[in-house]
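What follows is one chain in structure tokens, specifically the form predicted on its own.
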């Protein structure tokens, strides 16, 4: 009799499990194993990140491969297959020159930023003086100012519209429009605070004994910075350099307004992409192809330097 009751109870429980839907079954498994919920949340977040990050690049590829006269009521697949667009884009606009300009502007700004940010990072990270925290916060606040707030005075300064009073002498500012200077100088000012913050964190973690040993050997503070501090802070320097280059390479505001859009006037990639627009037509396939070609160097740089960037940011976040 007891065996029959146990068998009936087992069949009742089995029927209850069979009647559960997929969601109820999954919830039951999560209750028994909470790690399953964390794993599911990780998968959902990963899929969401991949879709939102990679879909724009996929859509650029779809637009590039679709002939321009077929770009209407587009679906998720290209209407046609036109790989020759990646050759036509160079024939219509000297896009390689615009890419060269962006590389020169990015490298020049990165060198200036790393040089000045290293000096400032040494001062803030290794020296103690009154008002150090307040001055550091003031420098970081610059990075939160919108670029448009600086445009009018800088435009007048770089186009010769400002009179500089040097004692009894009054001179007009030089006309630097269509040169690298009106882009490199604002870039350096806008992107330097982040580099100063990163390098300050790294330089402050170097043991004082290493610098003291170098100074005992006769080197100066500047010599200790370049011979001891910077080599030991290589991950931080690499992180600041890569982030600065990427920011300059992707900058739009000053890159668009401080030149006439010609490759001979040091116009960067953004001007090259807009150069495809005509008076009566807009070849979206050529613009999409140019966007893909333009973003490839930065994508390769991020893939190559991602471990260095991550290790640099995480190492700088630790206090030893």
Partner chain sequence: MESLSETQFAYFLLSPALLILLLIALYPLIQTFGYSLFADQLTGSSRLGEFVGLQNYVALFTGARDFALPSAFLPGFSSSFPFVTGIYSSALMVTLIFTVVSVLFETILGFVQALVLDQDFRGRRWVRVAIIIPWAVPIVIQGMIWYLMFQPNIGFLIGTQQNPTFLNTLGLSFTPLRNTADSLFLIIVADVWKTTAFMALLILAGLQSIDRSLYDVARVSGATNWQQFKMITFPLILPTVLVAMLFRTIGAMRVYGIIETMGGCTTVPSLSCLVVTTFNNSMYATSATVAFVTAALIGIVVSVYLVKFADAEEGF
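Just so we're on the same page, rigid core means the largest C-alpha set that superposes within 1.5 Å between forms. Keep in mind the model is a prediction, meaning the values are calculated, not measured. Residue numbers count along the first chain shown, from 1.
There is also a form predicted in complex with its partner chain; it is not shown, and the following applies to it.
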- prompt: Of these, 136, 104, 111, 97, which has a heavy atom no more than 4.5 Å from its partner chain in the predicted complex?
  reply: 136
field: 4.5 Å heavy atom contact, residue 169 to its partner chain in the predicted complex
entry: no
- prompt: With a 4.5 Å heavy atom cut-off, would you call residue 149 a contact of its partner chain in the predicted complex?
  reply: yes
query: Heavy atom to heavy atom, is residue 153 within 4.5 Å of its partner chain in the predicted complex?
result: yes
message: When the contact criterion is heavy atoms within 4.5 Å, does residue 37 count as touching its partner chain in the predicted complex?
response: no
- prompt: Can you tell me which residues in 58-79 come within 4.5 angstroms of its partner chain in the predicted complex, by heavy atoms?
  reply: 59, 60, 63, 71, 72, 73, 74, 75, 76
- request: Verify the C-alpha shift of residue 72 between the shown form and the other one: is it 2 Å or more after superposing the core?
  value: yes
field: Exceeds or equals 2 Å, Cα of residue 256 between the shown form and the other one, core fit
entry: no
message: Aligned on the rigid core, do the two forms place the Cα of residue 286 2 Å or more apart, comparing between the shown form and the other one?
response: yes
- prompt: How does the C-alpha distance between residue 52 and residue 146 change in the predicted complex compared with the present structure, closer or farther, given a change of 3 angstroms or more?
  reply: farther
message: Knowing the shift is 3 Å or more, I'd like to know if the C-alpha atoms of residue 231 and residue 302 are closer or farther apart in the predicted complex than in the shown chain.
response: closer
